[in-house]
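Listed next as structure tokens is one chain, alone, in the form predicted alone.
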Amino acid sequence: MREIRYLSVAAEGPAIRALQADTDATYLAGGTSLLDLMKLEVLNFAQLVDVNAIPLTKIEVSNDGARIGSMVRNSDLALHPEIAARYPLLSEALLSGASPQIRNMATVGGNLLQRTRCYYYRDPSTACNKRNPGSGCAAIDGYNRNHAILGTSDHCIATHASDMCVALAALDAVVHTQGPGGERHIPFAEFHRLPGDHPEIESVLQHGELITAVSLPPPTGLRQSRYLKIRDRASYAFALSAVAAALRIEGNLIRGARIALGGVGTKPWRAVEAEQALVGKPANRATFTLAAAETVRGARTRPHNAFKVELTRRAVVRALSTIRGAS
């Protein structure tokens, strides 16, 4: 049995200093993913720095947008009345993820750093560049039904698992951090890294850097939205394909659009080309179908996951059509 050191801190400074002093330490928040992976011996940290006592639990909503503390629990964020009213896309995405028990424990900051559900990553007996750099990727020639078709590389095709992050990508969120180098404000699109040659590096966070909050800009008329999650069963399952979509429709013309995808990308996938294909066009099925084709342009499929291309096209059309019907 390995010994794991445990330290509880109540302020940002001590937390950051504790990690600076130990390269084999990590932060512990809800632990819903971290502890699971440590039990499987996929992750083997020597020290856990518990940040649950740090007062980063506020949800502040104003006309200037929203600021969400990194220690806010997923359930509290999803059910917050002003978040549900102003950012229903985020609320809907959160409620589609995991189970009530896990949402009651999981934190916003932890969700941003959620690890992949790739079964090869979670099995130490298999080759995985994300877990053991340079060992290879067993998923590429293995059973890859759940794996990514967008943003992949020759070294990794694992999907990003979070639902919340797909909504945050569509909403142009900003991640706020505090670390050894001071405070940073990171646009959400820049927070997660593509696997490239180094799939073990999943975000731009530096060692010791602590996520303190996530901020959202004002909704700007994009409250007509839908989070659609396609999965093998109705609850407690990860997405095969998910769509976070929002539209601003005036008359019958689309004046603003946001689309992000989950379950198909190696990171939360913002479909900028699809958004551009929508703006200025009539809000009808023909327009939605053309935009849907843009979301999967450049997809790289493997033998078992090629179905995700057509599944994603149909999911995008369905999500946009649902918004159009509601409007």
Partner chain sequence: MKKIGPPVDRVDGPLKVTGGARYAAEVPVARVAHAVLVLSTIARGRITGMDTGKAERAPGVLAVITHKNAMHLPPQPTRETRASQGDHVLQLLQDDHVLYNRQPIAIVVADTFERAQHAAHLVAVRYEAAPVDVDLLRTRTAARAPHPPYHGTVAQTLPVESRRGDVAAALAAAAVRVEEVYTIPAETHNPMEPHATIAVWHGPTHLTVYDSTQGVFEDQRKLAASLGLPRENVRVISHYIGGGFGTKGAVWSHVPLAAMAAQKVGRPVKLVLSRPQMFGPVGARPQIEQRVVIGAGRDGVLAAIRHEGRSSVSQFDQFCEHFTAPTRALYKCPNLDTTERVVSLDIATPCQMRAPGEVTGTFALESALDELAVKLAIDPLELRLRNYAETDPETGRPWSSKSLRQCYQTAAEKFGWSRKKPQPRSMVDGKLLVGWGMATATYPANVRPASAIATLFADGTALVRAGTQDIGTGTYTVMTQVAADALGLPVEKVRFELGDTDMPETPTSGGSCTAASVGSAVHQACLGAREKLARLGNGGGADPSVDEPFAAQLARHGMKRIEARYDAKQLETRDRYAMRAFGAQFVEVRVDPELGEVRVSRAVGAFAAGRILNAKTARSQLLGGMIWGISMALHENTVYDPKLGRIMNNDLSEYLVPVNLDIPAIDVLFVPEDDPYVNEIGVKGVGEIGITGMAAAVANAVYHATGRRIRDLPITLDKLL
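Residue numbers count along the first chain shown, from 1. Keep in mind that this is a model prediction, so the values were computed, not measured.
The discussion below concerns the form predicted together with the partner chain, not included here.
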Report the stretch among 124-132, 72-80, 211-219, 195-203 that approaches the partner chain in the predicted complex to within 4.5 Å, counting heavy atoms only.
124-132
Thinking of Tyr87, Phe188 and Val279 as one candidate spot, does the partner chain come within 4.5 Å of a heavy atom in every one of them in the predicted complex?
no
Hey, in the predicted complex, does Ile230 get a heavy atom within 4.5 angstroms of the partner chain?
yes
Taking the partner chain as it sits in the predicted complex, is Arg318 near enough to touch it, meaning that at least one heavy atom pair lies within 4.5 angstroms?
yes
With the cut-off set at 4.5 Å between non-hydrogen atoms, does Leu240 touch the partner chain in the predicted complex?
yes
Non-hydrogen atom contact Gln114 with the partner chain in the predicted complex at 4.5 angstroms:
no
With the partner omitted here, the residue among Arg255, Arg223, His207, Arg145 that in the predicted complex has a heavy atom within 4.5 Å of the partner chain is Arg145
For the stretch 259-286, return the residues whose heavy atoms include at least one within 4.5 Å of the partner chain in the predicted complex, in the order they occur.
Arg285
